[in-house]
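Next up is one chain by itself, shown in structure tokens, the form predicted on its own.
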């Protein structure tokens, strides 16, 4: 048995034992000791959120893969939740094939960058057929085409202190000096999911080298090990950070502020 596996089992056993014998509060403090506290650890459900996240991280390998399907499994209908941005800028970019669109990547990186859609498409591409499940109960299977997020993170040079990758949708709106009043679609993941080999910056779908507007054109992130709400659409900005406490209400995602769990592992 490897030293790493033994340590993981020890942590998991400790968290479970503490929860069973001494209460969830002690288990949560043990999770904190090993850096397994999610951004939404406060409030009535905070301890439960911590236990879910900590247990998943110590019991499931960081390299565990989500199930992949074949192209024959692709759903005939791929439901769309929410409409594409209706503002003039997005509609202009859409009409122009997003030639003038750029993805901004900054934060705890050595080389802050802007990437055009054409540049992203020149990077090594992958195609995966994943099941996408929504928190609201509907789901579908689709093929996603894009570049691994890990490849792009390596290009910009993620710094060692990074803990989260934050995704902002095109409709995100806030003043640079006041991230507390952020509006629009945004979400974040930890570095385990950010580096995971199946996490994809998707620009194509179902054999097409483009995304339908309703599915997040020009770019969305696909995180198959989590529920669909984590796969932010209409990406315009990715920032790497060591904390999300200074963004919005500090819960790590816009949806979490409305009552959804930050960690949506499946």
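Computed from a prediction, not measured in an experiment: that's the story for all the values here. Residue numbers count along the first chain shown, from 1.
There is another form of the same protein, the form predicted in complex with a small molecule; it is not shown, and what comes next is about it.
J.: Please determine whether each residue of 124, 145 and 195 possesses a non-hydrogen atom within 4.5 angstroms of the small molecule in the predicted bound form.
T.: No: no residue has a heavy atom within 4.5 Å of the partner.
J.: Although the partner isn't part of this model, could you tell me whether residue 229 comes within 4.5 Å of the small molecule in the predicted bound form, counting any heavy atom of the residue?
T.: Close contact exists here: in the predicted bound form, residue 229 approaches the small molecule to within 4.5 Å, heavy atoms only.
J.: Is there a heavy atom of residue 140 lying 4.5 Å or less from a heavy atom of the small molecule in the predicted bound form?
T.: Residue 140: yes, in contact with the small molecule in the predicted bound form.
J.: Is there a heavy atom of residue 135 lying 4.5 Å or less from a heavy atom of the small molecule in the predicted bound form?
T.: Residue 135: yes, in contact with the small molecule in the predicted bound form.
J.: Quick one: is residue 57 in contact with the small molecule in the predicted bound form, heavy atoms, 4.5 Å cut-off?
T.: Outside the cut-off, so no.
J.: Based on heavy atom distances of at most 4.5 Å to the small molecule in the predicted bound form, which listed stretch, 233 to 241, 196 to 204, 48 to 56, 66 to 74, is the contact stretch?
T.: Correct option: 233 to 241.
J.: Which residue, 102, 159, 81, 92, is the contact with the small molecule in the predicted bound form, using a 4.5 Å heavy atom cutoff?
T.: Filtering the options by heavy-atom distance leaves 81.
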